[in-house]
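Single chain ahead, by itself, as structure tokens, in the form predicted on its own.
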């Protein structure tokens, strides 16, 4: 649950974080929680990840934890990951601004002796707040004010921040979407100016940020405002319309696959190739691509209005796929409310009452049919025939009744 920010909630650190802080304090080093974990604590949200910054050098951090597993994978950038009670905590030595290569990675790492230098190099003000249980909150750039007003603002010159690391462009959109924040005007302008630099970011990282963006509470607002940025990595027109009706349809969906479908539906041209180019522009997982393709196929027909038709639908696709289809149909056709309500009730009834919708649910199986003389493909074909009869209520799902059908059909062939 998210608590009101005014007043800010009291910060309570978990035991393993307190233990780490004590080690640094006792050794005479500065250490602070910093970044997203502090931002979330101030919002009343339990952090998923913990990051800390310190005046200690990486080798000194390692020396503080001889009895605890540490990962050194980020050590050349000053980061040591401490695994305390199976909880990973990233601890990074104070750093300062350096030159960046390819708008993505720092050319070198320059350590600093001050927290201010470390906070100055961070992306957004709300991510540049530091906290120590004894020293309290350190907020050089009024990140707390921006938290209060729900504003996303770069630390320092936004053009510099985005040019240093182009991934920050999508992080800005993702944070705005998931946190429900408004992008400050100067930051938004720089974001658009620097958008072409997204070509330096791997498609895998772009996809990861885009997926999180789509699932955010303010996703439709951000997509509408920044379609020109999205068009840098997806082949859509920057003038595509994603306004009131499109937003309503988008928010009627609550999963990544359904939101992605609705977004692509409105952005894609009507030609067949548009969908293919959209789905190949980013490394969407094959599961996602196949899900989108199934939805496109299902959307060619109206939802079932009779129980038998719903059984046939659920015999062809999973319950999740059918649910996604009904959700998308209702999102795109809100005036067809009666058709949706009828279909959704049928969907719930078929599943809740255990209607037979698969061969495995029949009262006979392949072994039963083999014992009365069927072989090979005959068995599969007969089971499908029996399933149709049961779904259409032409025969009860009883062993004797089904075997009687099989024997009669076989005798006629003989």
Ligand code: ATP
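These numbers were taken from a predicted model, which means no experiment stands behind them. Numbering follows the first chain given and starts at 1.
The next section is about a form of this same protein that is not shown, the form predicted in complex with the named molecule.
- Just one listed stretch, out of 221 to 229, 118 to 126, 187 to 195, 253 to 261, contacts the named molecule in the model of the complex at the 4.5 Å heavy atom level, and that stretch is 118 to 126.
- In the model of the complex, none of the heavy atoms of residue 321 sits within 4.5 Å of a heavy atom of the named molecule.
- The named molecule in the model of the complex comes within 4.5 Å of no heavy atom belonging to residue 44.
- For the chain shown alone, residue 165 is a contact residue for the named molecule in the model of the complex, at least one non-hydrogen atom being within 4.5 angstroms.
- Residue contact with the named molecule in the model of the complex: residue 385 places no heavy atom within 4.5 Å of it.
- 175 is the sole member of 175, 94, 325, 131 with a non-hydrogen atom lying within 4.5 angstroms of the named molecule in the model of the complex.
- Distance criterion of 4.5 Å from any heavy atom to the named molecule in the model of the complex singles out 51 from the list 51, 368, 60, 30.
- Within 4.5 Å of the named molecule in the model of the complex, a heavy atom is found for none of 247, 330 and 334.
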